[in-house]
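One chain comes next, on its own, written out as structure tokens in the form predicted on its own.
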């Protein structure tokens, strides 16, 4: 083992420099700086190189974390990048936005008194160093295959699958209904967590590697799903889930109550220089307003921190459980508190008050009761605890459900689960339609970017195996397929 490792006893955990809250709330730039080379090497050297690396086993991509930490500590940065990129198609993005406190860093076996290795920041540093030095290259397959793959959806799963298929020599076309590639990476996640040039850089890399993008193409409207199937040897559906969950409470139809994704998309488009009518009119702009965000996940954190940057008069987050039980990243909660967000723990909306336009949220306090079948305590309203919170804008960040893909695509034969996600054979990732595969949130439900990358990689492998089998199959085998 390298003598540079196991320094967690003598070297304290350090995170990348973070801009002061008073400065960072004035813009949408990322709040964390990159590590200096020496700091990255020092932090990587804190890895204990344990025999059973739980950081790796609890990463959806099973990244070779201990190995590329050791290579970083030894100053072998290009080798560290090569190893990192073997398992992850966008490590610079995962290093920025993955909830490491719930995944790799949260699984680190270093004793709590010494604190975990700063894995995410080192991962980001490795890949940014690789881009700076020209080590990141587009796909360059040794053999070009004649078969083509159509991918519906330019989010993490679709982009990851496209890159893997191009490495194998397939001709790949990505269709997306939006005008930019990236899905939630471009329109759902604010710039203070992920600056958009980082996503655009990945798109260019794919284009340079031979992937064709057909944007502004809404399947079922601009192009029939049958056309895509006819144009390609296989199709991958990776559309994600975008339908906002609603809340059943009196007054929920008042003006000023908006879905989180509509709000975040308007803000991101404005930052990208687009003309956004609903932003300019104030409908999706928090400036000067008392804002209440309902929800406790990372999308809710994105909303409250965006509202702060839009100069809202006040920003509150209403969540029915306590801090320890919220699903969002604790790192994001800390950042939001530093920036001035007021968290209303153990509170839930009861009704929305106003005459045509929302003016207040009637909330009630919550007690966490007995544990249910999911292992979580059941929120129970406390009688007589109703109180009003002033609100000119209410943002619903309650999660996302899948849209009705069979209806959207005009393909009723696409089977769906009881949750509305596409049903697949998990061994092959094929849907109920022959030669049509699915991956990402449209299969597993709203999840993390890293799971989208994992699913996209797995789908690419299954598509390759299926096409190879189809080519070698006898006519009788094909007839029985």
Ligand code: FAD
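What you see is a predicted model; the values in this text were computed from it and never measured. Numbering follows the first chain given and starts at 1.
Not on display, but discussed next: the form predicted in complex with this ligand.
Taking the partner from elsewhere, no residue among 317, 338 and 352 has a non-hydrogen atom within 4.5 angstroms of this ligand in the model of the complex. In the model of the complex, this ligand sits beyond 4.5 Å of every heavy atom of residue 126. Residue 39 falls outside the set of residues with a heavy atom inside 4.5 Å of this ligand in the model of the complex.
The closest heavy atom approach of residue 363 to this ligand in the model of the complex falls outside 4.5 Å. Mapping the unseen interface onto this chain, residue 347 falls outside it, with no heavy atom inside 4.5 Å of this ligand in the model of the complex.
Proximity to this ligand in the model of the complex, taken as heavy atoms within 4.5 Å, picks out 186-194 from the listed stretches 286-294, 306-314, 319-327, 186-194. Taking a 4.5 Å heavy atom cutoff to this ligand in the model of the complex, the contact residue among 270, 168, 232, 177 is 177. Only one of 259, 379, 99, 406 comes within 4.5 Å of this ligand in the model of the complex through a heavy atom, and that residue is 99.
Taking this ligand as it sits in the model of the complex, the stretch 140-177 comes within 4.5 angstroms of it through a non-hydrogen atom at 152, 153, 154, 155, 156, 157, 158, 175, 176, 177.
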